[in-house]
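What follows is a single chain, given as structure tokens, in the form predicted alone.
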Amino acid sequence: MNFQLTEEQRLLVDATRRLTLETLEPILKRHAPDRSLPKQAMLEIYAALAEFGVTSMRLPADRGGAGMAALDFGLMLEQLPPVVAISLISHDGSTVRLSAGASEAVCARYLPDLTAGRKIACTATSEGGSGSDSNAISTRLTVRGERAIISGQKLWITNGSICDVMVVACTTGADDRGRPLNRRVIVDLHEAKNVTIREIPITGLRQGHLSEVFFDDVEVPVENIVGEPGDAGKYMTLMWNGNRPLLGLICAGIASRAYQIARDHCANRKQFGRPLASMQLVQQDLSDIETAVTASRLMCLSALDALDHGLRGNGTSAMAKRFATSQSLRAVDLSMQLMGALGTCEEVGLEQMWRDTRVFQVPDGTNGILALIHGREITSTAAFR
């Protein structure tokens, strides 16, 4: 077991950090921090990501992607601005969902633009009544000759308001054993009519794009249905297992930056005639923060490494995200307390880090459902089905 990064991994981390500092953060700073970025700014970001070669990291090389190991993808994502990282996870995972089971003609139509960053993808799965229960999807897919009709509503869709291509999870009913037959359908938003998208303001990640999507008898070509009946749930689980530790690593990255700000403040700020850093309780808080960050990173990297080795990831991925998001939120909160009143100032940035970290506890499974997923792996008994 080796806990040291390889030379290639160190170069990847350093290059991604430079990309963030020199290219991505300047784009973000040109726009209001509390409003979603315009589509043109996101295309500028995706052009930079494409030039860096990271728009489709998990897409197999024979489909035009990088086919990168999950662990390396996580090391890279940790260095990106959080609002860019969560958008990229959605886009990258959507290219995988799109390509799995699609015809060569469909792949040739969409994947080149998606991997080149000229277009942005998203996946629409969650609904008001089926957030954690993928089998309760109610958005309906009906096939009529050469056309497929989509009717329903999706909620909490990352990239929804800026995407060009949407992979929608729909139901076609149930099989003879009562099991849901969910399907993946590609919706080209440049061609489809009767799609309404509304952005949802939330606590953090305010430059991002979380949306509600309405499908009112939306027609798409029947060849846009990809995969086999009932396989949508499998690909949801595969993506969730990969996404969860990735989201945990993003949070660990946020907490690490908060720690650095608090540590520097404590070294320079004097109270009662001496540096804050010399006080015992301050040192304990700094120790707790670094411990939380380190443990979170190691747990998420371990979960990604398990996926790279073909191991079952349901429990380890759920455990990693739940631990990392919770501990990272605590780490940011402690950093804010060490900063005193400065910790609440927008100028310092810790309050935004707190809000962003809190949001990451929701996507791809809240902490409660993640505990039940992990518990199912421990006991071989499902608490929710």
Ligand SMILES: Cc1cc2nc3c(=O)[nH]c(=O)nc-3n(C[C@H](O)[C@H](O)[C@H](O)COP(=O)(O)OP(=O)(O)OC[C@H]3O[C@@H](n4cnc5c(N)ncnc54)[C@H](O)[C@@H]3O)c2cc1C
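Start at 1 and count along the sequence shown; that's the residue number. Please read all numbers here as calculations on a predicted model, not as lab measurements.
The discussion below concerns the form predicted together with the ligand, not included here.
- The single contact residue among Trp156, Tyr235, Tyr110, Tyr259, judged by any heavy atom lying within 4.5 Å of the ligand in the predicted bound form, is Trp156.
- Proximity to the ligand in the predicted bound form, defined as a heavy atom within 4.5 Å, singles out one entry of Val143, Ala277, Ala136, Ile202, which is Ile202.
- If you check the ligand in the predicted bound form, you find a heavy atom from every one of Ile86, Gly368 and Phe384 within 4.5 Å.
- You can rule out all but one of 30-38, 356-364, 44-52, 336-344: in the predicted bound form, only 356-364 has residues with a heavy atom within 4.5 Å of the ligand.
- Though the partner is left out of this view, Ala15 does not reach within 4.5 Å of the ligand in the predicted bound form, counting heavy atoms only.
- Among heavy atoms of Asn224, none comes within 4.5 Å of the ligand in the predicted bound form.
- Looking at Thr123, you'd find a heavy atom of it within 4.5 angstroms of the ligand in the predicted bound form.
- Using a 4.5 Å cutoff between non-hydrogen atoms, Leu210 counts as a contact of the ligand in the predicted bound form.
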